[in-house]
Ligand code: ATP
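Below you'll find only one chain, the form predicted alone, shown as structure tokens.
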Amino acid sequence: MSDYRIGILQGDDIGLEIVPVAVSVLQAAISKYPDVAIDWVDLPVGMPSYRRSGETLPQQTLDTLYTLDGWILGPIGHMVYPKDDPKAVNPHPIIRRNYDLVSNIRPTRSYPSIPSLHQDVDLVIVRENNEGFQPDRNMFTGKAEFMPTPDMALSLRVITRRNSGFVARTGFELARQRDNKKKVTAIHKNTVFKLGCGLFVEACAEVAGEYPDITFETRVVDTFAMNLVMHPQDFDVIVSTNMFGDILTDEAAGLVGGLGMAPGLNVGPKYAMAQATHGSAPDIAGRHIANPYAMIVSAQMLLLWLGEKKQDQAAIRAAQDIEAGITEVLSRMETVTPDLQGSASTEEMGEAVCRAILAV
């Protein structure tokens, strides 16, 4: 029997609706496999935590995460957190950095039943998580964005060989596992950022030498952005620095139905965190109409990662059942949320996925 300890951090707004649905889907999938046991650990985070304890990310949560195999983090609505309270922090960059979650894996897939700009899209963007221009995670202390005068703002970008190589390796391993083109595309702008992007490309090329069965290419980010819109079917696995990847993954989601169809998994050497790409959508919170697809698939990716890490075939099959279940629900389009032109609630769509899993 394989035992896993998985944390549940519901987050803010629609997180309180979609995270429980994602957990129920995982529970349905593993119920078919007695050799898989999950210990679910609820942990406080976000505004619900702040209202109870005065902290959006309590030390108890941080300490407990070190004892887990992975966790599910719901969307965070940090823009409304009190700006003058040092205990009202944005949790997700702190969690990504503290637990060395270097690679952010964001798949983009089209479904024939869902109207989109393109069909036959099946690609993955692997974005570096903890460096780049993001000032809240590229320094040990202090901020990497500052104003020496009232009329000048400076932003520092950090690129390291270590994180660039880790992201590249994540991408090459994904390309090897997928049934697609067996190709990795590294995104850069070394025509301008000769040192930063130059180092990223160099680190990717070093890793590419270990994967002779995978085609490796590089693309300048602006040209790639155009090609992604025009011919997304040309790509398989894309690896990128932080800011470029953040932008390109939203662009890719727009090709196949929007951010409700954009799951994500953050991985590092030891831990993994399921986290959908979209935000907390406070405008629809409490209405139970949020599309749970991205959160469900993020949780499915976590289960698959854990199963592969432990070479646990039962967990891998359970993750594959979730993929089959969500594909079945989307092929029928009978029980989907309003953003997919349906009338089902968040929970009803989740229940439909559970039924489809049990029928596999």
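All values derive from a computational prediction rather than experimental measurement. Note that residue numbering follows the sequence shown and begins at 1.
The discussion below concerns the form predicted in complex with the ligand, not included here.
- Only one of L259, A88, I214, A225 comes within 4.5 Å of the ligand in the predicted complex through a heavy atom, and that residue is L259.
- Distance criterion of 4.5 Å from any heavy atom to the ligand in the predicted complex singles out I284 from the list I284, A144, A208, L174.
- The chain is drawn here without the ligand; in the predicted complex, the stretch among 156 to 164, 274 to 282, 129 to 137, 107 to 115 whose residues come within 4.5 Å of it by any heavy atom is 274 to 282.
- Remark: none of the three candidate residues (S2, V41 and D312) comes within 4.5 Å of the ligand in the predicted complex, counting heavy atoms only.
- In the predicted complex, no heavy atom of V124 sits within 4.5 Å of the ligand.
- Using a 4.5 Å cutoff between non-hydrogen atoms, D339 counts as a contact of the ligand in the predicted complex.
- Shown alone here, A22 lies farther than 4.5 Å from the ligand in the predicted complex, counting heavy atoms only.
- Among heavy atoms of A290, some come within 4.5 Å of the ligand in the predicted complex.
- Shown here without the ligand, the chain has only I14 in 5 to 36 lying with a heavy atom within 4.5 Å of that partner in the predicted complex.
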